[in-house]
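Single chain ahead, by itself, as structure tokens, in the form predicted alone.
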Amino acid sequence: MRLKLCLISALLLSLAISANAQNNEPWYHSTTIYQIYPRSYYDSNGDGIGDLPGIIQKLDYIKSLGYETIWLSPFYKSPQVDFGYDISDYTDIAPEYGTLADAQKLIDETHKHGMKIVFDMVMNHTSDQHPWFKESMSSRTNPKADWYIWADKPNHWSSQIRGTGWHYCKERNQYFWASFLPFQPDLNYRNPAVKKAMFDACRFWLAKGVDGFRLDMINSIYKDSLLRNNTASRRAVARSPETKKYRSTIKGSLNQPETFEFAKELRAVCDSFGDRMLLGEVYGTHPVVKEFLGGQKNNGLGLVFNFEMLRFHYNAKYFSKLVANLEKDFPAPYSPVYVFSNHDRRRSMKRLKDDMARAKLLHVFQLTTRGVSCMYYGEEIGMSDLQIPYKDALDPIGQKYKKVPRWLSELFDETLNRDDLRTPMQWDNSANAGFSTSAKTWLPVNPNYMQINAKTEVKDENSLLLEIQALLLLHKRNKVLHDGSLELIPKQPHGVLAYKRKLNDQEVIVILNFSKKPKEVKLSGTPNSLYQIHKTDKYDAGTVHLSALGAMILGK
């Protein structure tokens, strides 16, 4: 399989770097993550739905690309109303995905391939079909009566998808709270039995060898103890110096001080099993995010997502500002996460206008910055959103907003139907893109699979897949890209972003041209060319010559 120009030079440089540096940071501070939506990855039994045995069959593919960690969206037992994010049993598997034995085999086989595996853990809420909730809703006096959040009268809180999050239960003549969808009641973590039960669920998977968890909606875990309306509950926030002045932006259903302590407690649970990752889905200002990481002690979550960049703007100014802010907000030993699409937000190719050249440059940036790179399945081949009519939505959010004209949501550069970005993985140009032998797949396959698929791109020396493979190898073999500091290089030509990665006496320079015009950049010294996108990108006599949407990585 083809490697990019000068990759041999990069490998030689990496040997020198590895010999001169020691890594004291946890593995998850510089790993590369590949997110899999199991329902859409590979169907091993022909029922039209992806499954765990299917993922096992594709581990060789993931390993060959160079990803170091796999993150799986939920596959636990669930009525699948929200396709796994509504869990009815945390220690069992939905039958369409496989069995507990399949889950254990997946963990073991991933490790045999030299990769880590992280599970999605939905701790904020359960399905309304979970036995805990069925018992809780049956009366006000049953043993699990206070395992969820109940109120005689709703307050003014809104759910995260707009509208009230309070829902009436006739059996109790009370309302239960759901931060997200109505069939996902929130657990009451002020009851110690709830916390123990959920920590035990985590221990169950940690004991099986899982390398950590991505934590869904982690900043919603605790709510204001008195269920006060947001104006009043703004007082009930963390009282650390970092967050006090931000209390007016925090709602009573989000970012409570007990949630920050919860992150530390969960960290301790994971630490008892060794070096495990905790990656939080967190919304809020930087001081709030820092509290989830454990503040100055860094003893909370290991990583958090920055959701601002899921709506990135494709220009050098935006990415320069993004890097500057992340470097300021997450200095070592903290580590930022670079992610440009996921199972909830549209694929990056939509914002890249389905331009493969733009995609290559984006991933050069993503895989050379300081921090963790997280890519959604199909990003490596340039999969794009499929616009599924809202009236046909399986996604409960798409169903909720099915009467909203698509043009209105597109006006805000977003989709209200998450089905659009969860379509089956495009493996080859055979029927159903090689995803399934079923006559019908759970979601339709994007018709562009005839051109956009993994089998075709493996054979195309100019493909996005081989570009990302080469970048992942470069990242993995060069310790300076894993553990080095990052320093922006100012005063670049318009449209150009440049920065240095440094570790001990080693230095790598990254220069990216987001412009559609060729650019020249002056450099001192005599660096070696490690990588370039185009053959016309070159370094000559102190000047870097970049093609439109070109890039070079140089080492000193």
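We number the residues from 1 along the sequence you see. Keep in mind that what you see is a predicted model, and the values were worked out from it rather than measured.
Beyond the structure shown, there is the form predicted in complex with a small molecule, which is absent from this document and is the topic of what follows.
Contact annotation: the small molecule lies within 4.5 Å of heavy atoms from the stretch 82-90 in the predicted bound form, the single such stretch among 111-119, 424-432, 82-90, 459-467. Not one of 68, 369 and 471 comes within 4.5 Å of the small molecule in the predicted bound form, counting any heavy atom. Exactly one listed residue, out of 146, 354, 261, 344, brings a non-hydrogen atom to within 4.5 Å of the small molecule in the predicted bound form: 344. Contact with the small molecule in the predicted bound form, judged by any heavy atom within 4.5 Å, is made by just one of 373, 453, 136, 184: 184. The shortest heavy atom separation between residue 157 and the small molecule in the predicted bound form exceeds 4.5 Å. Although the partner is absent from this view, residue 281 contacts the small molecule in the predicted bound form, with a non-hydrogen atom inside 4.5 angstroms. Contact annotation: residue 180 falls within 4.5 Å of the small molecule in the predicted bound form, judged by heavy atom distances. Interface membership of residue 72, defined by any non-hydrogen atom within 4.5 Å of the small molecule in the predicted bound form, is ruled out.
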